[in-house]
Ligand SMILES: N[C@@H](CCC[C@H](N)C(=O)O)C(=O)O
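Just the one chain here, the form predicted alone, laid out as structure tokens.
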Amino acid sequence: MTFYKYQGTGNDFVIVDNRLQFIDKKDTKRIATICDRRFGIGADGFILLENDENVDFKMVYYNADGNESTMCGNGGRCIVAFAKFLNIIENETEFIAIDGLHKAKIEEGLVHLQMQEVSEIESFDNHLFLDTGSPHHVELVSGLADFEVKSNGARIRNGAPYNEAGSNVNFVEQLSAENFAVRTYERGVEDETLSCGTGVTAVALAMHKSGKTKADKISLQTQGGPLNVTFSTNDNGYDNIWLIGPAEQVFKGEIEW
């Protein structure tokens, strides 16, 4: 199996061109092994690029535990860069993922990925909850650099009201009016990742919803580098949501499937 390793702000993926449908997608154990950093290639997720009758391609995403999962924003940006590398697209595309249709474009080396509209953001005493293609708990903290993300993230991810289904957990510190630092515990990886695309999207919308910012272009500083989120508001919530950042091919290799 020929594979390509991509990363978007340190969120890394094994991506395979599966247009010929040669991958056994039910072999979750093999996918988990490939994502293992000691026994496999190592990645936060595994992505298949497949044909689709109506759009340029289809994205199939698996968490590092081998299970097919909900939308991955950074993975979506990486597969757009991969599709350009394969000459499937030029600089603009439409593709399908588990949460529906996505538009994307590549401008000045950055991948702009349009996310799904968000109509509901739930506000609680110390956090907000919303779904940006994947479920996200968003919580403001102080001293983020020294915060115990893994232990606190695991506790929230597995606790009520999320329980077994779980939620991704984002810890946020405001740096300025339009700038936030974010660290994310991802379900399915069951650890902190260097960056989470649907996570920073959730943070940008949650900070606007809670009145922490009035801006419609938010800068998010992740452990793996900066991302930007732009959006518009409407009577029902948020639309025209774009996740913007780099997506780079790291290397190509072969492995026995």
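Model, not experiment: these values are computed from the prediction. All residue numbers are counted from 1 along the displayed sequence.
What comes next is about the form predicted in complex with the named molecule, which does not appear here.
Stretch-level contact check against the named molecule in the model of the complex with heavy atoms at 4.5 Å: of 29-37, 49-57, 208-216, 191-199, the positive one is 191-199.
With a 4.5 Å cutoff on heavy atoms, residue 221 does not count as touching the named molecule in the model of the complex; it lies far away.
Among heavy atoms of residue 72, some come within 4.5 Å of the named molecule in the model of the complex. Contact check for residue 187: a non-hydrogen atom falls within 4.5 Å of the named molecule in the model of the complex. In the model of the complex, the named molecule sits beyond 4.5 Å of every heavy atom of residue 231. Residues 61, 63 are the ones in 47-68 with at least one heavy atom within 4.5 Å of the named molecule in the model of the complex, listed in sequence order.
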